[in-house]
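First, one chain by itself in structure tokens, the form predicted on its own.
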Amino acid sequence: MSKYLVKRFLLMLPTLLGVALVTFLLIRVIPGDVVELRYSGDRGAVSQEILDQERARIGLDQPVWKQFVTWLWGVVRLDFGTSMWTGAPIWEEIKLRFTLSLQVAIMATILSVMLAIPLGVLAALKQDTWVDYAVRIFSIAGLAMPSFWLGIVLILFLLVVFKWLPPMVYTPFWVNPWQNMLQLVWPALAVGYRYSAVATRMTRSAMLEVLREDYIRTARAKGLMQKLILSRHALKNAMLPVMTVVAIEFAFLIGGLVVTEQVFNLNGIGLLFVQAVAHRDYTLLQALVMLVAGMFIFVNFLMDVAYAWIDPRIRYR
């Protein structure tokens, strides 16, 4: 088991290095830079000498390879530098927004798993009955409705029916837990519903495949209770593809909720991504991409560990 874990952990390092290199080079391909954008309102009033001095101040005059090595050494030391646009430390720019996005992602994941697994198992057990059709309609509706649109509907529903709106100013959980939950439960519900639709479909498909296996027929022939067959045999083996979907969606939620964050007035990682691109803020954008890539890689590593824990064949191999 330890050999398996070490191997999986070591595979993370070249992946992160590749992400760092590709991100750094692709960002430099974008026309213009932060200096040109900052002085774009003063066309003709700013000399080329001033532009060159500003580029030298933030390090853009150095060769690309040297910029990359300097930045990569900072990443290794967990020092992402300062924002080229605001001059503030990048970690301070990211910290509060990351906490917000991570909380929404965790809440949405919990809601989706609580919906998806029971509904997916129920649909598989009641295949081609009205229960199965109802669950499939529920999941297809979730796939068809964008989370930001559902968020708008939720806000309108709360306003029209209850004459109440969720708080529009973010309150950290450690400051006021109740106020925090009142604001974030609605975006988590909007995102979690769509998220659960994907996981429900996967759970149903995986359960149908497992329930047709010979060992399930053998367990039924031995007279085992349906509850034991589901918990000890079917569900455990059907969880591997479901866990993959849940993990990928969770990592995506960290930086992929740009429009949903706008709807609920949340200043999260997604909105910070848009601002970094708009301002050509190289250092901030590189840090955000590395953060999201790191989340994807770390979550995949946790899934590898979970696979080995659930399925001994993977661990022994």
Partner chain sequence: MAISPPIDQVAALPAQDSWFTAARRFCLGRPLGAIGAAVIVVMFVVAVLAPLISPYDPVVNDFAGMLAAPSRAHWLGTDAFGRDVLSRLIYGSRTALLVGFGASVLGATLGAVLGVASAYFGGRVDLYLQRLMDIFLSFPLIILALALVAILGNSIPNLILAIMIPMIPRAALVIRSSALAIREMPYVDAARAAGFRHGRIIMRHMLPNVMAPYLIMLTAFLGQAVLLESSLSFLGLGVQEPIPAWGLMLRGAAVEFAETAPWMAIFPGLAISLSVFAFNLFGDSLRDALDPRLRTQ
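Rigid core here is just the name for the largest C-alpha set that superposes within 1.5 Å across the two forms. Predicted, not measured: the structure shown is a model, and the values here were computed from it. Numbering follows the first chain given and starts at 1.
Omitted here: the form predicted together with the partner chain. The next part is about that form.
Heavy atom within 4.5 Å of the partner chain in the model of the complex - residue from Phe173, Phe98, Trp91, Trp149: The residue in contact is Trp149.
Of Leu228, Ile110, Leu159, Val76, which residue is found within 4.5 angstroms of the partner chain in the model of the complex when only non-hydrogen atoms are counted? Result of the distance check: Leu159.
Look at the candidate spot formed by Phe9, Thr70 and Thr244 and say whether the partner chain comes within 4.5 Å of a heavy atom in all three of them in the model of the complex. Negative, none of the three is within 4.5 Å.
Even though the partner isn't displayed, in the model of the complex is Tyr282 close enough to the partner chain, meaning a heavy atom within 4.5 Å? Answer no; every heavy atom of Tyr282 is more than 4.5 Å from the partner chain in the model of the complex.
Contact label in the model of the complex: Thr86 to the partner chain, heavy atom within 4.5 Å: Answer no; every heavy atom of Thr86 is more than 4.5 Å from the partner chain in the model of the complex.
Verify the contact flag for Ser205: yes if a non-hydrogen atom of it lies within 4.5 Å of a non-hydrogen atom of the partner chain in the model of the complex, no if not. Ser205: yes, in contact with the partner chain in the model of the complex.
Heavy atom of Phe296 within 4.5 Å of the partner chain in the model of the complex: Flag for Phe296 set to yes.
Of the listed stretches (139-147, 182-190, 214-222, 230-238), which one has a non-hydrogen atom within 4.5 Å of the partner chain in the model of the complex? Of the stretches listed, the one contacting the partner is 139-147.
Against the rigid core, is the Cα displacement of Pro241 between the shown form and the other one at least 2 Å? Yes, the C-alpha position differs by at least 2 Å between the shown form and the other one.
With both forms fit on the core, has Arg212 moved 2 Å or more by CA between the shown form and the other one? Arg212: C-alpha displaced by 2 Å or more between the shown form and the other one.
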